[in-house]
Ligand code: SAH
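One chain is shown next in structure tokens, namely the form predicted on its own.
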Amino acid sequence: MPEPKKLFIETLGCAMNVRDSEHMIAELNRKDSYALTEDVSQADLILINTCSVREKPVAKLFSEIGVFNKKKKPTAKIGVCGCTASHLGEEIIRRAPSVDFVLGARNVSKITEVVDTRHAVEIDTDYDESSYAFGEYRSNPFKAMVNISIGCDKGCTFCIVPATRGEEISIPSELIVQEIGKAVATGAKEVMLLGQNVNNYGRRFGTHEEEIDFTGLLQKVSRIEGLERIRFTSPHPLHMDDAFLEEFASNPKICKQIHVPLQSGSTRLLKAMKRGYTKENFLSRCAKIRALCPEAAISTDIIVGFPGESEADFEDTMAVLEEVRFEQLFSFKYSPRPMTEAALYEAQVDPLAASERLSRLQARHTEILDEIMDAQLSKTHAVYFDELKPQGKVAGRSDDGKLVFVEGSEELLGKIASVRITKTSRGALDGALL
């Protein structure tokens, strides 16, 4: 039996990119045998799965190609995949002729077609993979990531994703249930449902039509025997109706961790961003979550320095931070992206002012986070353990998403156990098994 080829894959960006990488690994292994390697010089195939949400990862791409081209074996191939592939297409090969093929974020199932075609470019954002049954591969056997939709129909003026991932299409619920069922049968107790706007699920299907929304999908998934935990990302504040929030709060299988992307606390800027809600709408949804489910951990995304942002606009964002006290904050300075409306806005914010505001936001959130984490001391959490760590530690997540370490061995993997917190820090908790 011939030795497997070696595959090096670098994944940049979001959880959907991570799942796309898993799909590519599975599809490649349908055709040939590939073993993953972390040594690029040993690889027969090098894949860079890219992100284009901000400018920095795009700039990093071409430097990475140059580094990999110097280190690789003469016979090794380089493929550029993902959102930047969708965005730049043939330009990638013009700028970096060492790249063997380009595969867009909406064309993942075509990996075996392009891998042997010199300078192939597959970037059709209208291509519909929603009913395609991908091969089986998961990087962690104890939990699964499952796409429930592809693409995005939102017209947020700062975001390039609709241009790189195409229109939003929901994946048939039976395919989703089948995929989760297979994962559970091989040891996974937790699933992460993925989509650009997961709670808009059911708006449009491809070749298959059914009457179901995200709340209905959650109910359907929760009936899978052996599945104990359901997470999802990312929902949109616009689609957080009461039925959805009541299901989130009352369904014991749904983890009490929810991402509510704010972007800005200024209603004026939210209108310029075309987010579809106001500051007051956002706060009312968070208040509803707290009322229905006081133990829920709420996280968010914030953009600082969006075109036209005044000090008063920024103070509105700070006010939301104070009121909601987010458990997790993903915050960035505005990055103009091609193919977006906001890149053409004249009132671009001075970069130094934006940096100063970002520092203030992050510093205040750090103080809030320290208070939240310090309050965990001596509390008890049900932790699902899924990863071995150095020095005899095992890591897992509490129901509300906190990272917890305990002393233990691989016998804990795949199990949910009660843990009393003995030590706190900003990023994680240490505990003792009860």
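Note that the structure is a prediction, hence the values are computed from the model and not measured. We number the residues from 1 along the sequence you see.
The form predicted in complex with the ligand exists for this protein as well; it is not shown, and the discussion that follows is about that form.
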| item | value |
| --- | --- |
| Which of 99 to 107, 335 to 343, 185 to 193, 247 to 255 lines the interface with the ligand in the predicted bound form (heavy atom within 4.5 Å) | 335 to 343 |
| Candidate from 323, 301, 241, 124 lying within 4.5 Å of the ligand in the predicted bound form - any heavy atom | 301 |
| Answer option from 263, 215, 173, 130, heavy atom within 4.5 Å of the ligand in the predicted bound form | 263 |
| Proximity of residue 142 to the ligand in the predicted bound form, heavy atoms at 4.5 Å | no |
| Residue 393: touches the ligand in the predicted bound form, heavy atom cutoff 4.5 angstroms | no |
| Proximity of residue 31 to the ligand in the predicted bound form, heavy atoms at 4.5 Å | no |
| Residue 158 within 4.5 Å of the ligand in the predicted bound form, heavy atoms | yes |
| Heavy atom within 4.5 Å of the ligand in the predicted bound form - qualifying residues of 54 to 92 | 54 |
